[in-house]
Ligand SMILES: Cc1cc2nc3c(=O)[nH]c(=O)nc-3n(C[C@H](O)[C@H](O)[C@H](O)COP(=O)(O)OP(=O)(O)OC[C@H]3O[C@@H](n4cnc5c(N)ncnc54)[C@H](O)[C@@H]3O)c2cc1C
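Below you'll find only one chain, the form predicted alone, shown as structure tokens.
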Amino acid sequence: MKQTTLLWLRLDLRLADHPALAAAVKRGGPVVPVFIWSPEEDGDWPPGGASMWWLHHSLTALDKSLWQLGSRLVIRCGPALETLRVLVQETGATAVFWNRRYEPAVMERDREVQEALVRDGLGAESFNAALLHEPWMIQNQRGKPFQVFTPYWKHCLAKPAPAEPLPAPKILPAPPRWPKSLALGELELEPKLHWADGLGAAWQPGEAGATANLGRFLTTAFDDYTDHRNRPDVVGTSRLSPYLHFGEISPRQVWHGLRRLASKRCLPVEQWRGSQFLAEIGWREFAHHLLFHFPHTPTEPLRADFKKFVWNQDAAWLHAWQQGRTGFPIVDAGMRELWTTGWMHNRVRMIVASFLVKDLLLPWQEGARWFWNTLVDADLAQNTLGWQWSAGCGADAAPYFRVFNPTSQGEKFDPHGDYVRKWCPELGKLSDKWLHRPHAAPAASMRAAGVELGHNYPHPVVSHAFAREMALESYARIKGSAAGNCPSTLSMRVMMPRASPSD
């Protein structure tokens, strides 16, 4: 008699290149796909609002795909181990397969689940479906984890190429009787208020959307990626981050999709393997490498000396940043794009993060929490690495003296103002010359454009020039403290002046 397998689905919501699914099918018996909603088992980082919206629609798409294979998705809610044991009793399953996750709390939960299922006499096996390389398999010459990206990725590229992606099954054997399932709506993942309408207009969650986005990028944007990847005013990036996070596409599929394109165009191997785009896949791998080896970093700086940093605690400034009302157009445009679409261009993420931690001297943890709740691609590893990089307190961090000037960044990467005009329409009639610095524009230009600072667009909350000096002084004191100079404490509760035309 063929034995039933429970397929425990998590952040692997696809059918192609799905190692746990392939292993379950290989056993030859019925396969019962199950999703268990247990956010409390994610520790301090249960899914945020935007992530839950995406999850709802991704599960909808997956269930539709499963029906086409003669299967269906069983949805349950509750503690994972208890729920799996109930399903084992209901289905007669003799094994539970799943793909690994790498967040610290989830890894600990999965270890306990696996040990308990084995004690129950069940087969319990996990697989790697989310990364090119397991975090514990990559070490430097001293047997330690890497803390700088370039040597890390060089080391990864020297390893054998990842295996070809696994094909999706053409049919899934069904059990004689399906266990009961909750309706997806009972999980209440979608918001009760209609703030998510912009997310629906911007995205197509699910495996089909992921495949379409990869194809669109490779055929229309890859050739210009190096030139356009920093331009938020053009569609020059892959926009694959949420699909990778939810496992609707795998990094192996991305790798081999790029390889096939290169082969078709007769590109040298070193050209596509050394491409900036593939390095972004490497950055994602690096983020998971760091989170695995330094599990405290979602809330604490990797560099211990930064625990002494005295951050500002101004709630009004934080609110202005969150709402896109700082008076710096590129910052405000980015924060409004985030709120509307659940996503933000990577260059703009760096600009708004630098503004929060360097101009406003607000804690990077506040920014990480806001991104966690509002990004559809909120990923604990990448969110942590990105914010610690911006704050200068993590691995491979930006130099502490790097303070992005939001005005010059806007002028450089949104030169014609298309991005700012889209998300800050009240500035739309300003000329390119003044669009990124409305506080410096002549009164006549402001009147002609219908812009009145303090009325329909805010005054800058700080002077960037003054804020930069404050940041440099504060960071220098941390550096001095690390060297044993023991400086006196600098109070960061200082109201900085607004920007002047010379900033």
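Don't overthink the numbering: it's just position in the shown sequence, from 1. Not measured: the values here are computed from a predicted model.
Keep in mind that the form predicted together with the named molecule is not shown, yet the notes after this line are about it.
S390 belongs to the set of residues with a heavy atom inside 4.5 Å of the named molecule in the model of the complex. In the model of the complex, the named molecule sits within 4.5 Å of a heavy atom of R239. Mapping the unseen interface onto this chain, R252 falls outside it, with no heavy atom inside 4.5 Å of the named molecule in the model of the complex. Taking the partner from the other structure, the named molecule in the model of the complex has a heavy atom within 4.5 Å of a heavy atom of M344. The single contact residue among P301, G206, G324, G386, judged by any heavy atom lying within 4.5 Å of the named molecule in the model of the complex, is G386.
Proximity to the named molecule in the model of the complex, defined as a heavy atom within 4.5 Å, holds among E103, D332, D110, D377 only for D377.
Of the candidate stretches 156-164, 281-289, 311-319, 188-196, only 281-289 has residues whose heavy atoms lie within 4.5 Å of the named molecule in the model of the complex. Each of L244, F277 and F371 comes within 4.5 Å of the named molecule in the model of the complex, counting any heavy atom.
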